[in-house]
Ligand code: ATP
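Just the one chain here, the form predicted alone, laid out as C-alpha cells.
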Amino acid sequence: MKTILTGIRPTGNLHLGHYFGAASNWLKLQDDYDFFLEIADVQALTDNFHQPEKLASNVFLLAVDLLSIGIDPKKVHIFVQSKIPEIAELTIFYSNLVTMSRLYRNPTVKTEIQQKKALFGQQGESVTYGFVGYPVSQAADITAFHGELVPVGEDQLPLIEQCREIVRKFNSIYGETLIEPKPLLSETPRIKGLDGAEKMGKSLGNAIYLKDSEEEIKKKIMGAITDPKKIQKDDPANPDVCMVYYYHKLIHNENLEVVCKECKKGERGCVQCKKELIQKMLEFLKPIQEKQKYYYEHKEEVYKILEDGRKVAKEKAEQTMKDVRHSMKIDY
C-alpha cells in the first residue's frame, strides 16, 4: 500500500468546510492506503505561539471530531505532531537547503502574509521565521513517513512543489534517500460560508460546526443569504445564488429537485426552505454528534488512540532519520 500523509491544525472543532472540503475525501482514502493523519500542533503555534494553552484542548476536540466523522483508527494512524521529535530534527536539516527569498516567493506563503496584514495590520517585517518557514516543516512532516501521496486542494500545490524541491536537493547532495511526494488533488471544491463568501472559516463567523446545537443551527440557517432579488414570498428566485439551496445540495437533500423547481416557480418561500434545511441539517449531523458525545465521555479511549498512532508514526520517523543521518554522514 502506498503511504499517504495529511495534516490538519488544531484550531478548534471541525465545521462543514473542513468536512466537505477535506475530511470526506479522507474517508474515501482510508481503505486503500497506509494513512498517517497528523494533528499539526507545532504548525498551529506559528499563529498561536502566544496562546499555547489553546492547543491542549483543541487537540482533544479535533481528535474527537475526526473519530466522530468516521476516521477509523484501525486504518489511519492519528498522531500529534509535537510527539514526533524527528520532524523537528528533519526541519532543521531542511532549513539549510532553502533560501529565505524562495520561501517568500511561495504563492501560498505570500497569500497568507497578505491575509495577516489585512486582518491584523501586520507589516512583512513582523511575520515570524516560523510562519514563513512552515513549508519547510511541512516538507519534514511528509518525508518523515516516506509520504508518497499528499491529499491537497489546488491552493496547496505550491507547498507540495516546495517539498519536492527540498527532496531533490537533499538527494542530489547526500544521495538517494528520500521519496519525492506527489499531490493527490481533491475533487471537492472550497466550501462557501453562510454569508456567500467563497470560504467558510472560523474567523469569518460564517460556519456551521459539526458540534452546533439545534438552536445554533436554527439561528445560523435563518440568517443565511438567499437570492437578493426575491422580495415577496411568491416571487420566483434563482437557487444558484442562494446559500440555502447550496447547503441543500451539500448535504444531499433527497428532495433537492423539488426544492429547485419550487424555488424557480415562486412556489416556495425562503422561510419554508430554511426550515426544511434546518431539519435536514439536524438529521445529517445527528450520527456525528452521537459519536462526539460518546468520545467526550470516554476521553481515555481518545488518548489511547492518539498514543497508538504516535507509536506507529515514531517508529517510521526513527527509521527515516536513521537513513537521513547515514546519508549526511552524521550517524556517529
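Rigid core: the largest C-alpha set superposing within 1.5 Å between the two forms. Start at 1 and count along the sequence shown; that's the residue number. These numbers come from a predicted model, not from an experiment.
Heads up, the form predicted in complex with this ligand isn't pictured, but that's what we're talking about next.
Residue (of Pro189, Gly175, Pro85, Pro228) lying close to this ligand in the predicted complex, criterion heavy atoms within 4.5 Å: So the residue touching this ligand in the predicted complex, by this definition, is Pro189.
Partner-contacting position among Lys218, Lys75, Lys202, Arg168 - heavy atom within 4.5 Å of this ligand in the predicted complex: Only one listed residue qualifies here, and that residue is Lys202.
4.5 angstroms heavy atom contact with this ligand in the predicted complex for Gly309: So Gly309 does not count as contacting this ligand.
Heavy atom of Asp235 within 4.5 Å of this ligand in the predicted complex: Residue-level check for Asp235: no, no contact with this ligand.
Contact of Gln156 with this ligand in the predicted complex (heavy atom, 4.5 Å): Close contact exists here: in the predicted complex, Gln156 approaches this ligand to within 4.5 Å, heavy atoms only.
Proximity of Asn25 to this ligand in the predicted complex, heavy atoms at 4.5 Å: Judged by the heavy-atom cut-off of 4.5 Å, Asn25 is well away from this ligand in the predicted complex.
Candidate stretches 146 to 154, 220 to 228, 67 to 75, 256 to 264 - the one whose heavy atoms come within 4.5 Å of this ligand in the predicted complex: Among the listed stretches, the partner-contacting one is 146 to 154.
Within 4.5 Å of this ligand in the predicted complex: residues from 250 to 286 (heavy atom criterion): If the 4.5 Å heavy-atom criterion is applied to this ligand in the predicted complex, 250 to 286 yields nothing.
Rigid core fit then Lys83 CA moved by 2 Å or more between this form and the one not shown: Shift at Lys83: below 2 Å after core fit.
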